[in-house]
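Next up: just one chain, as C-alpha cells, the form predicted alone.
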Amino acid sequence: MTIWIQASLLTLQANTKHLNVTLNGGVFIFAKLCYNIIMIYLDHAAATPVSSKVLKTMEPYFTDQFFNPSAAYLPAKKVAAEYEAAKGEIAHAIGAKATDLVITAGATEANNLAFSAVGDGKVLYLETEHDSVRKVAEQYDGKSIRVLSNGLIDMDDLKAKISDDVVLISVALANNEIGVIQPLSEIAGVIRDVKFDRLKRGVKTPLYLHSDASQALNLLDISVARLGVDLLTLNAAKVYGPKGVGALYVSHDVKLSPVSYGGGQEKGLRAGTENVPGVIGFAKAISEAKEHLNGNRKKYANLRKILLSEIKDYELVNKKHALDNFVVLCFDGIDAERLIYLLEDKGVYVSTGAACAASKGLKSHVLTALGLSDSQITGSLRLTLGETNDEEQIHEAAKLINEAVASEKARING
C-alpha cells in the first residue's frame, strides 16, 4: 500500500485547515485536523512581547557591538558608554540618575536585593505582595500588613505594626493579580512621621520604603521623589522589553549587600558581565512606555469598558483604584481553570492570577486577603490588556467567554 501526502493540496478554507491524503487513488479530507485560530492574548501581566522597535535597538549588541564593557580597547569602551547612557535613560524615566540604579536579572532579583538593606532588623510587607517579596520577607521573620476589601492597604494596621526595630516596609505600587494601585505617597508620609519620632527619641534604626513597580511602568507616570520611595523595583519584561532584565533604584542613604562577587560591576552589588543588549532594550522599552502613557491609558480604559459591558453574569473584583488594563472577573460556582482550557481551545489566553502561582494550582493569597470565598476564588479570571489587543479582539473575546461560561453552567446543571 502506498501512502503519500500531496503538499500542494494542503489548503486553508474558512477557519479550517484541510489535509488531503491520497491512498491508492482515493482522496480523504480530514476536516478540522487543526484550527486556524487568531490568538487573543489577555495575559499581559504575565508577559509582554518584545516590541519591534526594542528588538531592532538590541540587535547590534548581539552582533557588531558584542564587546565586553569591561575590556580596555576603544570599541569596548564605546559599548560601556552606551550601556551607561541606557541606564541613564531608564533612570530618567523615574526621575533618578544612572548612578541610582543597579541592573538585575529581573524583578525577583531586584526585590531580593532590596531586602539586603534590612540587616538584623525587621520587615513589614503588604499581604497581597508578589511571592518574590513574600518569600524573602519570611527570611526576616516579616509581618504582613492587612488590606481592605478593595485591596488598598489598611493604614491603621500599618501604623500599628511599625515598631522601632522595623527597617524595611515593602508595598507594591500596583498589584500583579488585581492591579490595585497603592497610595505610596501617603505611606511615605507615615514613614516620615515615624522617622521624625525616632529621631526625637534617639532611636537610630533606619526605616526604608520599598516598592515593586513592575506592573505600573507603562500605565503610571512614576517619580521616585513624588512616591517617596527609597527603593524601587523595575522590570523590562512587563513593558515590551526583554525578559531577564530588571533594575533596582536605590536612594543614596540606603546600604545594600552584594548578591554576587566577582568583577565589581553594578557598584560591587551584582558582579558579572553586563547584559548590554538587555539594558539597551530596556531603555528603549521604558522610553516608549513614557511616550505613549496617555494613549495607553485611554486605549485600555476603552477596551476594559467594552469587556465589562459585553461579558455576562460576573462579579467585578477590582472595582476601583486599579490599573486600566486589569479586569478581574468572578464567576461564582464555575471552575476558572476549566474556563481557561475552554478558552485556550478557541485561541483566547487568560489566567487565574499570577503565573507562578496558577501553574502550581495554588489558591490566590491576594483574593483570599480581599475576603473572597473559596468558590469565588475558584471562579475568578484575570484578564490583562495590552498592545496586542484591539476592539475587534475584545468583542470576540467577550463572546467566547460568555459561551465558555454558559457551557460550564450547562455541564454543571446536567
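Keep in mind that what you see is a predicted model, and the values were worked out from it rather than measured. Heads up: residue numbers just count along the shown sequence, starting at 1.
Missing here is the form predicted together with pyridoxal-5'-phosphate; even so, the following discussion is about that form.
> Which of these residues, Asn275, Ser132, Asn296, Ser144, gets a heavy atom within 4.5 Å of pyridoxal-5'-phosphate in the predicted complex?
Of the candidates Asn275, Ser132, Asn296, Ser144, Ser132 is the one lying within 4.5 Å of pyridoxal-5'-phosphate in the predicted complex.
> Which residue, Leu217, Ile178, Leu168, Ala107, is the contact with pyridoxal-5'-phosphate in the predicted complex, using a 4.5 Å heavy atom cutoff?
Checking each option against pyridoxal-5'-phosphate in the predicted complex, the one that comes within 4.5 Å is Ala107.
> Just to confirm, Lys238 within 4.5 Å of pyridoxal-5'-phosphate in the predicted complex by heavy atoms?
Yes, Lys238 sits close enough to pyridoxal-5'-phosphate in the predicted complex that at least one of its heavy atoms falls within 4.5 Å.
> Would you classify Asn111 as touching pyridoxal-5'-phosphate in the predicted complex, given a 4.5 Å non-hydrogen atom cut-off?
Asn111: contacts pyridoxal-5'-phosphate in the predicted complex.
> Only one of 155-163, 333-341, 230-238, 315-323 gets a heavy atom within 4.5 Å of pyridoxal-5'-phosphate in the predicted complex; which is it?
Answer to the contact question: 230-238.
> Go through 195-209 residue by residue and record those having a heavy atom within 4.5 Å of pyridoxal-5'-phosphate in the predicted complex; state none if no residue qualifies.
Heavy-atom contacts within 4.5 Å come from no residue here.
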